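This document opens with one chain alone, in structure tokens, the form predicted alone.
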Amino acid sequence: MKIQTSAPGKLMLLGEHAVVYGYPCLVTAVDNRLYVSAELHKKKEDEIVAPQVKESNFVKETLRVFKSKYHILDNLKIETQSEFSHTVGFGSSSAVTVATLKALSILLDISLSSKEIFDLSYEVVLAIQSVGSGFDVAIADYGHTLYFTGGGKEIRPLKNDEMHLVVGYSGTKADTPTLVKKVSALRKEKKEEVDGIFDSIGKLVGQATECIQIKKWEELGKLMTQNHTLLQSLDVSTDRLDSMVHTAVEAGAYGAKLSGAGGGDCMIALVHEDKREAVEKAIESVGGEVIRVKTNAEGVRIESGE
């Protein structure tokens, strides 16, 4: 029997970097998905067929953790395929980890709750990257839109079915662990200043959570732009990201910001649908690549083989 599962990509709405230090963030799942197929394997070792070496590393570690915890002796074949490139910062590492755990649990008839999948996935991510808050694991697992506090202390779904985002890719792949360590070094040097920035980001997340729940999109956009300015002060943005954010707002977006660790990857702009085309053209005019996705997507799920 072969089991196929899938998990969504993600976009950080607000709260980057501060979430690593226990502050909340807002994250949404996108409808581009990563697929994993799992089956028992008669060969003498596990086989991993993945288009990206990085994905293979996470699958390998997932297999190690799962087999050790549940005393699995069988060998397995895992294949992955993705609707999004690992270069754009949609969280392929977390998505492949969560989808692999879900597939293994179904294939080997081991019941896992969403929280158990989160805990095991987070363990895998930390084993490989050594840093991270777990928000990308949570959104791949639970899906939709989440209010998340570092390490999974709070994972709260938010009702969000009318938020319209334009996503612009900067053309540069970000190195998340390096950027997290960069902010950590800055905090050691200027702890009071950086903690003040984190406090401000945390307050923006709280205000933005209310805006999403009562659909105050114009106000939410302003909060996003303020969040970008605070991330600039942490020196994690780039000239390209700043230009994309600025031109999106000039073209009529409610607000815009980088999304993720910074240093590259994507920015997002919150728009009214009437302004989407103008904002997309503005982002492209400064060298950004528009990636069309829908937000609030379903979390990890079984695609076939149950």
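Note that residue numbering begins at 1 and tracks the sequence as displayed. Quick caveat, the model's predicted, so the values are computed rather than measured.
Missing here is the form predicted in complex with (R)-mevalonate; even so, the following discussion is about that form.
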* **Stretch in contact, per heavy atom within 4.5 angstroms of (R)-mevalonate in the predicted bound form, of 193-201, 76-84, 175-183, 209-217** => 175-183
* Spell out, yes or no, whether the shortest heavy atom distance between S133 and (R)-mevalonate in the predicted bound form is within 4.5 Å. => yes
* **Distance check, I283 to (R)-mevalonate in the predicted bound form, heavy atom within 4.5 Å** => no
* Is A261 one of the residues lying within 4.5 Å of (R)-mevalonate in the predicted bound form, judged by heavy atom distances? -> yes
* At the 4.5 Å heavy atom threshold, is L13 in contact with (R)-mevalonate in the predicted bound form? -> no
* Heavy atoms within 4.5 Å of (R)-mevalonate in the predicted bound form is the criterion; list the residues of 13-27 that meet it. => E16, H17, V19, V20
